[in-house]
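Encoded as structure tokens, the following chain is the form predicted alone, with no partner shown.
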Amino acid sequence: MSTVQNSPLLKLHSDDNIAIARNSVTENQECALSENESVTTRESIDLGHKVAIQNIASGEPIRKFGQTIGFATIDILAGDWIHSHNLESGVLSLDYAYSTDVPTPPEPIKGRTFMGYRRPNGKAGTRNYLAIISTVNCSATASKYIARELAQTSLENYPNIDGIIPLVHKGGCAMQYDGEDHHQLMRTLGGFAKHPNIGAYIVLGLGCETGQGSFLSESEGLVQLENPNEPQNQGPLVLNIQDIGGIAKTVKKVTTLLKEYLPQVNDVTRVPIPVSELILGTECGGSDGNSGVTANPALGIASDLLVAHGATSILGETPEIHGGEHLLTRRSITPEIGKKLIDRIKWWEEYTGKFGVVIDNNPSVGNKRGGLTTIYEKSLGAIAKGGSSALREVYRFAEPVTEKGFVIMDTPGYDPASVTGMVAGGANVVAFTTGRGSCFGCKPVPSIKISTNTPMYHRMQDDMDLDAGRILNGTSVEQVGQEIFELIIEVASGKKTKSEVQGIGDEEFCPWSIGPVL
């Protein structure tokens, strides 16, 4: 991006006909864009919002990042504020050009490690939790009661256990048995049960639900620590409230059982593990007009650094790829992988259309207040989290991620559901960018919060781990990206994030149900 020191406006690309405000701009303020280019605002412009830097006729494309983010609905004069009142999405004609611009693989970087937990199956954990996995909403209350009872047990004697987490949700029944929704829920629950950040777990059902615990155990190949009091038996992995005799008896039985597991779960030590075994989930929530300028591209730098170290970086939120997918298909290592992405985009268009919804209903109210206008604009900024590495695979929601490098997972744009899918797929660290100020945690995986602008960072410093808004004032994207990369390694090694310090993350487990509810 081109910038003039101390100018309140940024022109991001030479082909752009708009600039963005890196701080609030007053009416009739002359703002330099380069040595030979300036614009005088015709009205006040808020932080992160757009201003026309040339006259734009009605129907003409409006360009940001060098790409079309929508079309003018009226004639716009240079200096005018551009937002929902004079810009609409319209219809894009995109050239997917599959695999025509596959980046050269980076020079491998070897030898870097983080301090993690090496599990018996060889996987690498960054945290160590004990979990109660509820198969259905009907066992959610019992799961929470069990966690509450266990929390009263002094964990001071178990310093290597990060906590007890009840993984509860609102589904598990009223869906087609053996159908797509059923299998997606099983993948999600199974992914958490097998996650390397879970030291031990119990599966708790009601007993009569569609999403049977036995089906989960068999379909996902679940195993468990040996019960110390039953050395010849792997113990009751799956329990049902109806079989035990009600809530009170279940809470007492499962609490007693899990207390027996505590010494085993605690018996772990952090050891050096190659950075190549990190799986990063990337997410943006509460985005603003600066998300695609500061935090997201900086996270993209960190993503590329992880890929260079042999690790994996996941880009989710398929509805927030819509409008920018043509930039990703060019990077797919084969046309088939690029077409898998387009198949998911088309699925979303069909899926939302069934309910009379258009994908451009995203951005949210807060996104728009922060300067975002169309889904194309939001998507072009969101995909910057994926850096510039080659696209190596496209996964379904909660599918186990086995490929190294940059990959995509088909998740909704809704933050809790999106992160749930990536964690179920194996993400052991999450990096979450936000411009409006999302207070997000995602036990059992640490969530690093990265602010897109400095005023919000200072306002919500108890929740933000790193300020990428400094980029607006001259700090390079590369420097902030390097800082994010180093913070990822520190957090993977045990440094607590701001959300962890506050205990946030019990309520964000959110399996995606694609319906219908029967």
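The numbering used is simple: start at 1 and walk along the sequence shown. None of these values were measured; they are calculated from a predicted model.
Form predicted in complex with a further copy of the same chain: not shown, discussed below.
Note on the interface: of 241-249, 333-341, 116-124, 79-87, the segment with non-hydrogen atoms within 4.5 angstroms of a further copy of the same chain in the model of the complex is 241-249. Mapping the unseen interface onto this chain, residue 145 counts among the residues with a heavy atom inside 4.5 Å of a further copy of the same chain in the model of the complex.
Taking non-hydrogen atoms only, residue 15 never approaches a further copy of the same chain to within 4.5 angstroms in the model of the complex. Residue contact check for residue 33: none of its heavy atoms lie within 4.5 Å of a further copy of the same chain in the model of the complex. Taking the partner from the other structure, a further copy of the same chain in the model of the complex has no heavy atom within 4.5 Å of any heavy atom of residue 259. Proximity to a further copy of the same chain in the model of the complex, defined as a heavy atom within 4.5 Å, singles out one entry of 254, 375, 408, 206, which is 206.
Proximity to a further copy of the same chain in the model of the complex holds for all of 136, 354 and 462, with the criterion being a heavy atom within 4.5 Å. Of all the residues from 284-298, the single one having a non-hydrogen atom no more than 4.5 Å from a further copy of the same chain in the model of the complex is 286.
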